Ligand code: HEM
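The chain below stands alone and is given in structure tokens; this is the form predicted on its own.
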Amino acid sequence: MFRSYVLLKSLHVLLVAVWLGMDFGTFYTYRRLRDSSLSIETRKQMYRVFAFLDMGPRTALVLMLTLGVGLSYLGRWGFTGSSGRIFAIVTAIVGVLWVAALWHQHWVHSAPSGFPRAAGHVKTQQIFRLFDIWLRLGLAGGLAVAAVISLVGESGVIAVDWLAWKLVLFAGIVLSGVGIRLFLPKIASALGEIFTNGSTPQSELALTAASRKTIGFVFAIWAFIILIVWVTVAK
């Protein structure tokens, strides 16, 4: 059990570095993507880089949750007992399937221009996109409720306060991610207009307006991650 715990903990720490590093790369690439002085072809290439880098934080979020539950069980910080073991296994299975669906989504959206993926793949992603948002909302609510119950009473599933606070902060990250996703269609629409018909003041203004609505959520995610690290170190 000790070796499993150390391995999961090492992967957990590594994921934080990957998450922040690729998220900063995503942020910088997106800022360059919005530069109207660049050629359309250059901006298209920047978008491909941006979309790939963005998969880092998307993947890390799910895996962080999966590893976190496993660490809590192995370290007896929470989700203890036979029910905790079952929950950790189910969480791991759901996490793997969720990550696979996210990468399938990236594969569908990264299809070469003029050669879309098969209709079945596109339809699957249309369904998954809505399911993904509701899953995140349910996850954020579940984490927050579990954390609050554990903090105010003795019947919660979390045995230590620092872990409960981490769940509250992680719920904030999940909700911030949902906030970003609510404005992604507008960003995609503005970029599609620019890539198809060229840059115009109207399309650039639409892209800027949609982008400004997401920037606060991005900064919130960074702040939550930093607070999570601080809580972990200061416990």
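Everything numeric here is computed off the predicted structure, so don't read it as measured data. Just count from 1 along the sequence shown to find any residue number.
The same protein has a further form, the form predicted in complex with the named molecule, not shown here; the description that follows concerns it.
Taking the partner from elsewhere, no residue among Y47, F183 and L191 has a non-hydrogen atom within 4.5 angstroms of the named molecule in the predicted bound form. At a distance threshold of 4.5 angstroms between non-hydrogen atoms, L163 is in contact with the named molecule in the predicted bound form. Put simply, F128 is far from the named molecule in the predicted bound form: not one heavy atom of it is within 4.5 Å.
Though the partner is left out of this view, L207 does not reach within 4.5 Å of the named molecule in the predicted bound form, counting heavy atoms only.
The closest heavy atom approach of L11 to the named molecule in the predicted bound form falls outside 4.5 Å.
With the partner left out here, the named molecule still marks one of 175 to 183, 193 to 201, 27 to 35, 57 to 65 in the predicted bound form; by a 4.5 Å heavy atom cut-off that stretch is 57 to 65.
With the partner removed from view, the residue among A144, V94, L71, V157 that has a non-hydrogen atom within 4.5 Å of the named molecule in the predicted bound form turns out to be L71. Taking the named molecule as it sits in the predicted bound form, the stretch 199 to 235 comes within 4.5 angstroms of it through a non-hydrogen atom at I225, I228, V229, T232, V233, K235.
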